[in-house]
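A lone chain, given as structure tokens: the form predicted alone.
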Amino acid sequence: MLRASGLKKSYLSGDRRIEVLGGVDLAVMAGESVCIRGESGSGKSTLLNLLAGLDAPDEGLVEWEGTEATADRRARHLGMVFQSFYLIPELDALQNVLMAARMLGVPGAAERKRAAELLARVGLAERTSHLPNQLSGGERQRVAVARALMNAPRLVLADEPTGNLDERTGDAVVDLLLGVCRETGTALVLVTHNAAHAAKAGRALFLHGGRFA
């Protein structure tokens, strides 16, 4: 479904160029869950940003079903969950989830119904009108999960989604992500440093020195 070929990325640091990714290949099949682990600085988040189109590789290609992944295809078929939630503080939980639908047009009654159903699915049926600062960290991440699923994506990319959560809440969020993706047939790429979370995925990869070990 998604294929990355020969991804290379480097950044300037002073007068030095630091290689972050040194030619990474990755194929994600429909409906599978893939976990990517690695030490801090190994290039995990950089790789996910390239897959999501948030950054461009120096070399290499990201393809969706054999053709180059365009911004429109990403908007329709990819969902993202970030470590820092990135909820809009002035919007309540329901409106934050609906922001994903706004990327594809003006959301109507059907989209509002789906957003409410997704918040119920992640255990927030009674919190739809709460602002982010009225929610706990775990609840905010659940809103972010619902937002990632709003457009019924075929693939969700999750970048250290438990990094700002305590262990128990983090375990619950990962179980939620894996469970919802299994139920909907959505593929999942999860970046984490947590070995226990990685063990729950269908396939685990380890990134070291900008390459898969």
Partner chain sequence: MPWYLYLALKQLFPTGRRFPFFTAISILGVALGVALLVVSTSVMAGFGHEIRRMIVDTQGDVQVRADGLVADSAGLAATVAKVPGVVASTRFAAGLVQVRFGDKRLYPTLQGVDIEHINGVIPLDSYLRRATLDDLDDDSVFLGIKLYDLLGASIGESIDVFSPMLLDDSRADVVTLPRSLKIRGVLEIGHQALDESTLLVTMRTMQDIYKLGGATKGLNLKLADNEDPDAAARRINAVLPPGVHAASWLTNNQDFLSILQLEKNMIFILLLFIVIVAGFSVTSSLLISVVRKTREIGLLGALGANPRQVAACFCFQGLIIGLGGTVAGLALGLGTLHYRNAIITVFTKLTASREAMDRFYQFSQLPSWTTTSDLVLIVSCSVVISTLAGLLPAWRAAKLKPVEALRSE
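Residue numbers count along the first chain shown, from 1. Remember, predicted model here, so these are calculated numbers, not experimental data. Under this definition, the rigid core comprises the largest set of C-alpha atoms superposing within 1.5 Å between the forms.
The same protein has a further form, the form predicted in complex with the partner chain, not shown here; the description that follows concerns it.
- Heavy atoms of no residue among 40, 165 and 197 are located within 4.5 Å of the partner chain in the model of the complex.
- Residue contact check for residue 126: none of its heavy atoms lie within 4.5 Å of the partner chain in the model of the complex.
- Put simply, residue 46 is close to the partner chain in the model of the complex: some heavy atom of it is within 4.5 Å.
- Taking the partner from elsewhere, residue 59 is found to have every heavy atom lying beyond 4.5 Å of the partner chain in the model of the complex.
- Among heavy atoms of residue 72, some come within 4.5 Å of the partner chain in the model of the complex.
- Only one segment in the set 24-32, 47-55, 166-174, 183-191 has any non-hydrogen atom within 4.5 angstroms of the partner chain in the model of the complex, and it is 47-55.
- Of the residues in 74-89, those that come within 4.5 Å of the partner chain in the model of the complex through at least one heavy atom are, in sequence order, 74, 75, 80, 82, 84, 86, 87, 88, 89.
- Core-superposed comparison between this form and the one not shown: the C-alpha position of residue 72 differs by no less than 2 Å.
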